[in-house]
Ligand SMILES: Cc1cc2nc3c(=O)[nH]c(=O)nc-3n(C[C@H](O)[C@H](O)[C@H](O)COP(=O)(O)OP(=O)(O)OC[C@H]3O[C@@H](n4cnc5c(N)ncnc54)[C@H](O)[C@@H]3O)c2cc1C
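Below you will find one chain, with nothing else, as structure tokens; this is the form predicted on its own, and questions on how it binds or moves follow later.
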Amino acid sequence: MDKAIFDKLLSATKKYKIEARLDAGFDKLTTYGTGGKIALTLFPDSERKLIKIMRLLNRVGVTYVILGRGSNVLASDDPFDGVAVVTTRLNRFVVHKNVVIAQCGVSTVALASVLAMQGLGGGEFLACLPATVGGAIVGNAGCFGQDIKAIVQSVTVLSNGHVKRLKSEKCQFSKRDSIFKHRNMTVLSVKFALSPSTEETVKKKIADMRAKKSATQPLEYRSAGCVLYHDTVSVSRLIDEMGLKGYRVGGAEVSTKHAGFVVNIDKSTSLDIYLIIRYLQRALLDRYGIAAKTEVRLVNFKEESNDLFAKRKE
């Protein structure tokens, strides 16, 4: 990063009273527990501060990544010569009748707990996502037949320096996708509309989902959930059919419990995980003609990384 830009950013963090760290790494900020050091990591604790720093980052043109709980991120082992903006301190929300307005850094698990106590249904699946509201919105997260699209009324974003509110139908939600994956927008907060229910009913649904998750997913290992998806086909079923459960590179492995997960079982590097993901994509394409999309967000990987698996086998 250019020193003048770096100094300007540090000066701004002091002015805006935003905590800045020079020693943070993706290994401490992602659920995979892997990834390289970050040149500058920022922790804004209010929407106003997030807006100010995002406007500055876009104005100076520095490379940046926005992180919530890092539960759907795989960052390269290489040093990241850019800025990571961590939103977990933007964790306020309000509930009025069946409507909830939550900031981008609100924990989905914590939100689900409050919804249960309020007897509000439709968001039970949030209890099974180790994510933030902002990250869940970007990836249209979901599980067990529910997804976030179904409960979103509107999303407030920072776009081209301006705060805008997008109604749900403008967010272009589709399977594990949204407009926010493809446009330079920062999710600030989300307005949800839930369904009136009872505390007992909602807690029962959450308990059932968690039991199913525990029985079917490798929760004992670090992961980022399912790494691949397809709009119409169950990718994990096809990986299982190919006999690739247990396929291993270094300290990473295709879970023997759920074929959609690539897990960190023994001090894996990000490269180990990445190579498995690319191998699975190639195998799915060769065997079934299926072009599986990457569900996990790849950060700081170079284009030539696509050839690394072939090079490693030679």
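Keep in mind it's a predicted model, so treat the numbers as computed, not measured. Residue indices: 1-based, along the sequence shown.
Separately, the form predicted together with this ligand exists; it is not shown, and the next lines address it.
- Of the candidates Leu280, Leu40, Val65, Val254, Val65 is the one whose heavy atoms come within 4.5 Å of this ligand in the predicted bound form; the others do not.
- Only one of the listed residues (Ile239, Ile206, Leu129, Leu194) places a non-hydrogen atom within 4.5 angstroms of this ligand in the predicted bound form, and that residue is Leu129.
- Highlighted residues His230, Ser270 and Leu275: none comes within 4.5 Å of this ligand in the predicted bound form, counting any heavy atom.
- Stretch 129 to 137 is the answer when you ask which of 111 to 119, 195 to 203, 230 to 238, 129 to 137 has residues with heavy atoms within 4.5 Å of this ligand in the predicted bound form.
- With a 4.5 Å cutoff on heavy atoms, Gly82 does not count as touching this ligand in the predicted bound form; it lies far away.
- Proximity of Arg297 to this ligand in the predicted bound form falls within the 4.5 Å heavy atom cutoff.
- Shown alone here, Val95 lies farther than 4.5 Å from this ligand in the predicted bound form, counting heavy atoms only.
- Among heavy atoms of Ala75, none comes within 4.5 Å of this ligand in the predicted bound form.
- Within 4.5 angstroms of this ligand in the predicted bound form, the stretch 82 to 102 places a non-hydrogen atom from Thr87 alone.
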